[in-house]
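Starting off, we have a lone chain in the form predicted alone, written out as structure tokens.
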């Protein structure tokens, strides 16, 4: 990518960032990334980040929904600092460590369900999903996993296999797990059944479940788990009808199928509740958490029914650094911050205001097609024709570019790459929240008025 050429489209100084970009492209494989802007992040604090050239940004991405408590929260930094000075880690595969146990106790307290629970740990959402699938297969003695089209679950072998947003041809090149079945996720805005799920959620729920029941009959006795995101994140922040989720849960109970709630992106207070599944009054068998769990440190957790997790043969949940002392300390501090600062409640209040703000702007800008939100889990769909719901990735990228140019990190995602991904820290201060709204307002106007050149589009990879 010729980032220096892209520099002519911005008034920002990006010289130092471009130097880092050139070295990155020389030494880092391109498969690592889907880059958006010519910026190399140098430091961060709270809701702000600065690049190598000193440019300041309000962060409405939070490193892909990682920093729910903001960057470098003092309580989390201190917990990490204290633990590093005491014990970085000693493998819990052979001995015991209080840090892992304390975090497991906390997670069993804040996750849904009154049954006996346990927790296992790994390093990312990807291997957390792998572990949950391993547990479901061990418990049931079955192989097949029912996942959903346009889902995203990660890049390790099993997680990639159950990911629906990556094409099968690409997955076939790296020999993924073939024991996966894909069903259509009930998207209220746009679905193959032509049903307006907002107007008639029951009809959409029935249509989606009829298709799933067909798959359950076809593969009866061989489905180990249903793996579902309570909000389909990288698919464009799509929320299924509550009735669908409850029907799906009843079907899994009837068929003896493990219900895996994948909360890598949606958990830890971001939806306005600890876990997004709580919006549906459904209790899963297993929950997978990562991203925000570590407060910036790499950790994932699989929490749920003790009998399911205990069914996994030794040592198939063992990693040298599982339950790492420093990451567990960071996660424990993060849970404390979310509790003490009531961040789920703050997410609910700010998310409601933000959704209303976009609804008001939709009256002015016809390219705003749909606004999907629970707490500060939000996706704003950009379309070229509101009636036909035609995705407009180019306009979405222009809005993102204009926001970046003015000092706001706002990127796109979704199955068509046309959805604005809105995910600020849950504790963003009011003055920065208002500043971000002003920038977004200007960015919408910049894109709508043609002030953002089409010439930037070939330079922006995007989702």
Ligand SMILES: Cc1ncc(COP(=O)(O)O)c(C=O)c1O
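Residue numbers count along the first chain shown, from 1. Remember, predicted model here, so these are calculated numbers, not experimental data.
What comes next is about the form predicted in complex with this ligand, which does not appear here.
Novice: What stretch, of 172 to 180, 306 to 314, 73 to 81, 227 to 235, brings heavy atoms to within 4.5 Å of this ligand in the model of the complex?
Specialist: So the stretch in question is 227 to 235.
Novice: If you check 154, 294, 272, 284 against this ligand in the model of the complex, which one has a heavy atom within 4.5 Å?
Specialist: Exactly one listed residue reaches within 4.5 Å, namely 154.
Novice: Which listed residue (338, 329, 107, 264) meets the criterion of a heavy atom within 4.5 Å of this ligand in the model of the complex?
Specialist: Of 338, 329, 107, 264, the residue with a heavy atom within 4.5 Å of this ligand in the model of the complex is 264.
Novice: Do residue 124 and this ligand share at least one heavy atom pair within 4.5 Å in the model of the complex?
Specialist: Answer yes; at least one heavy atom of residue 124 falls within 4.5 Å of this ligand in the model of the complex.
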